[in-house]
Each structure stands twice: as C-alpha cells, then as structure tokens.
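We give structure tokens for two forms of one protein chain below, kept apart as structure 1 and structure 2.
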Structure 1
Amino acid sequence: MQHQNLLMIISNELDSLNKSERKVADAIMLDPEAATHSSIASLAIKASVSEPSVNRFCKRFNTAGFPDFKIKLAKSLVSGVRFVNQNVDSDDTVEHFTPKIFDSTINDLSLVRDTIDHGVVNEVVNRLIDAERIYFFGLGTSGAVARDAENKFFRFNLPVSFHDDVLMMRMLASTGRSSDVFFVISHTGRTKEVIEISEIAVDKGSTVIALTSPGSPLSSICSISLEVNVPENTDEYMAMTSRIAHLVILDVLATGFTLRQGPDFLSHLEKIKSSLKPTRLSKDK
C-alpha cells in the first residue's frame, strides 16, 4: 500500500467526523507539530474532549492508539509538506498570500501523488501507445492543459491535436473510430458540453479517457477514468492547483509513453530537441 500523508487523510475525512472527533481534528490541524509532542491529556484539554475521545479518534485513522498516531503524524511532517487549511484572506499581504499559494499547491500535489491509482495510469499509457490518433479536449482552464498535452505528445510519432472549441470537438467525436483516443480533461467533470461530446465519442466506439475528479458524471461514462482528487472548489474560485495537478499527470503519462518505447526512441526525441538549438542564444550571452 502506498504511504499516505496522515494530515491529508484527516483533512479529507473532516466532513464525516462527529462533533468530538472534529474538535480533536481541529486542535491537531491548528498546530500539527505541537500535537506530535503533546500528551493525550493535554490534547484532550486543548480540544475540550475526554481522553477516551482522543484515543477513539486516533484508532479511527488506523493507528493502535495515541502514541502510534503521533509517530505517523510526525512522519507526515517530516515529508516536508506543511499542511495548510486556509484560504487567502482579503487583507493578506504579499508576504502572507505567497506562501499560502505555494503551500496549498504542494499539499494538493502530495495528495494526488499518494492517492493516484498506478494501475489506471498504466492502462492509460497502454491505450495512448495503441492509439492511431489522439485528441486532447478541454474547455476554459482545461483547454490550456489540453494544449500543453498536444505539445508533449506530438513528439511521439503519431497524430495528436488539442481542441477547446465545442463545435469542433463535437464534430470530431462524431467521426471517431475505434482506433482513436479522446483524452478529455475536466476538473469538475460536470460541464454539460464535455459530457455530451464524450458520450458521442463513446457511442462511436472510440476510447475516451477522462482526467477528472472522482465520481464525477464524466468519470462514469468514459472508457477509462484517471481520477485525481484535488480538493479545489472551482465553482467559486479560479482553478489553481487542479490545473497544476493535471499538468503533472500529463508529465507522468508522457514519461510512461517514452519509457515504453525503449532506448531507440530517444534518438527521435533528440532530433526534435536539437532542431531548437538554432533558435536560442547561447547561455554565455
């Protein structure tokens, strides 16, 4: 089993905790480092709960008790990820909101790293390798991610294109073949046009891969769903960490694709990279 950051796990479970458990969680999240040095009695006082409540809380998260919980909590902090459970405030200065953005992004990327399904990643790489043509679809912020995907995958000696126009996406999906792969990117997985277009491609027998949130409507209709759990509410805020997480996932897939081709393929990539040398000034200028 992959190691998962305990602070991230607690954060994901906050809404399902009862009143006493939530008090313990809040006390820990307020100062995780202090909690690793705390006694069960002092943490109980800080959370305004009983010691048995603290112990039950610890066991809920698959630990033997409070001492074991503190060890796992310390390991989470040692990983170098500082947990941040706060949004940018309207009166934040640049000194405040800059580290908040960095910390929340690092935290979310670590969550994706620890929870991503490697089996699904492997299957997606297989489908991409077998494809005769790959279409990357995305709207809005996801359209920019789709463009980046085209920039990576065009290097792999197969027809690749990105599209962020709904009408073009619909027409391409309607002419899809079984050898085509439609890679659809949507953080929410709830955009009506994207879902309808994906359904068209599925009906045509094409492979449709979704890069989306767990349990989304888009995820349920696609051939393969690469689900990425990024706790970002893009209904109210502009996309930040979800976009970056999707870009990293594409880096993972491109790396997997390259490694599967073997050493002989590297010479092809070198030709592409060498073609750019005449366009760049030397570093000593």
Structure 2
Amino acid sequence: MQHQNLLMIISNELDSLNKSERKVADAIMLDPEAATHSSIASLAIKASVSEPSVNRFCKRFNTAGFPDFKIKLAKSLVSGVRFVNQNVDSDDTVEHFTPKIFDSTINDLSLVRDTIDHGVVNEVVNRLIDAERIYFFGLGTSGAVARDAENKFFRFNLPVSFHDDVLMMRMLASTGRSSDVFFVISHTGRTKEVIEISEIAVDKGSTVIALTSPGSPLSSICSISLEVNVPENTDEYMAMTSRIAHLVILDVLATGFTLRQGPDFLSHLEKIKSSLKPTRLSKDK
C-alpha cells in the first residue's frame, strides 16, 4: 500500500521532529494547499527557517526534494478531501452529497480493480465457457445483479437463466448436472438459504461459482469463489456499493467470454443487437 497519506505521516511524527523541522511542519499544516503552490523560499520565510531546512524536512519524509514533496503532498490532499471525509452529513444538500456518493463508488471500484484475483477470473471464464447451462442466483439486491447477468450472458447463445425464488433455486440445484454452472451472487455470503442451495448443487457435482465477500461461509463451500473486497459500509446514508462492483465484474467475465470465442463471435452479437432495432425510434427522428 504505497497510498499512505503524507499529511498523516507528518502529523504522526510531529513529536519526533527537531525545532526547525517542527516549524516547517506547522507552516505546512496551517495551509497544506498553499504549501503545494509555494516555492521553497516562500515556505522557508513562512516557517521562519532557512531554505535548506525545508529541503532537509522534505528528505526526512522520503521524498526526493521539495518539488517531489509538493507533488506527494498534493496527492495526499486529494485523497484526504475526497475519500477520508466523504460521509454524507445530515445537513448536506444535493450539491454536497451527490459527488460524495459518486466518489465513494469510484473509490470502491478502484479498490476492487486493484485487489481482484486475475487467476480466479480466468478460471471462472474457463468454467463459464465449458458450461452447457448457466444459472444466476441472487436474492434481494443481488437478485437485480443476477438479472443483469442473465441479460448479458443471454447474448452468448447459451441456455442462461436467473432466479430469485429460493424454491426454484432449490429444485434446480438438486437436479443439476455436472455440466451445469450455478453462479451464485451474494454480498454477505451469509444468507442461509443461498448457502444451503449452493451446498446441494456442489453435492450433485455441478460447478458452483460464488461472487461474494472474502472469507464468507458461501465462499468456503463453493467450487470457485470470486472474492470481492468492498469495505463495510459504516455510514447509514451511504448506499451499498458492492453490487456495483459485482456488475462490473460480470462485465469483465462477459468480456473474457467474448474474447475467448474469437472474432467470428462478434457477428453473432451484432445480430442480437440489430434484432432490437425495430423496437426503437430512429436517431434522426
């Protein structure tokens, strides 16, 4: 994690600084944003120290020099403002909370992007390609994700369905064949029904792929687990962003699927696309 915030590091080590270093630190803390725009000379004056003291201060914090320090400081300001203090407040207006919600979603997506296991993704794509049938299972919010997945994978010339009814799921799981893939989506990975149904499918010899949180019960019992690391939501106003991450991962899987089929597969996709044309008003109307 190279993303440790420089401003935090400085404030943590405040006590272990000597006099002039401390003066520099204070001057920066007073207005970090201004510090990123000032020269070493002006900051030295502001802190009442010499220029080399500022320079030494920078090097003390593992930066190449003052310019590099400013860049890292600037970066830490962005993450500080955007991600650390990004909870929705009860007196926020639309102008305030709208970017907060977008930013928090974006933040979670980039986290998932950086932590997802490519090996597992690859393996899941392989299993999907080998599948003779794919069932997408999900309840509640994950039901909407499963539905979206059905819509996406349906285009692939493959028997695909989604289910959000636990009785249907149970029946399908118990009559599953080894060539069937059950793709189970669950944010928590702790919903009892879903776990039980997945166990049944595994017992019957079907492939069960889970899209869920790391270390969950569901994750441990299925054939392959695509673990998605989205931080728990502490803010009651904030929405659940894991479902968005799940959707993007399904996009990734669909892309992997398409690529593996080779270029002639694209014409099939084009056919499906154009089948919808008559339902739409033309562009120039």
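All residue numbers here refer to structure 1's sequence, counted from 1. Predicted model, so just to flag it, every value in this text is computed and none were measured. Whichever C-alpha set is largest while still superposing within 1.5 Å between the two forms counts as the rigid core.
Between the two isolated copies of the chain, the form predicted together with the DNA corresponds to structure 2. The Cα shift for Ser275 between structure 1 and structure 2, taken after rigid core superposition, is smaller than 2 angstroms.
Taking 2 Å as the criterion, Lys72 counts as shifted between structure 1 and structure 2: its C-alpha moves by at least this amount when the rigid core is aligned. When the core is overlaid, the C-alpha of Arg22 ends up 20.4 Å from its other position between structure 1 and structure 2.
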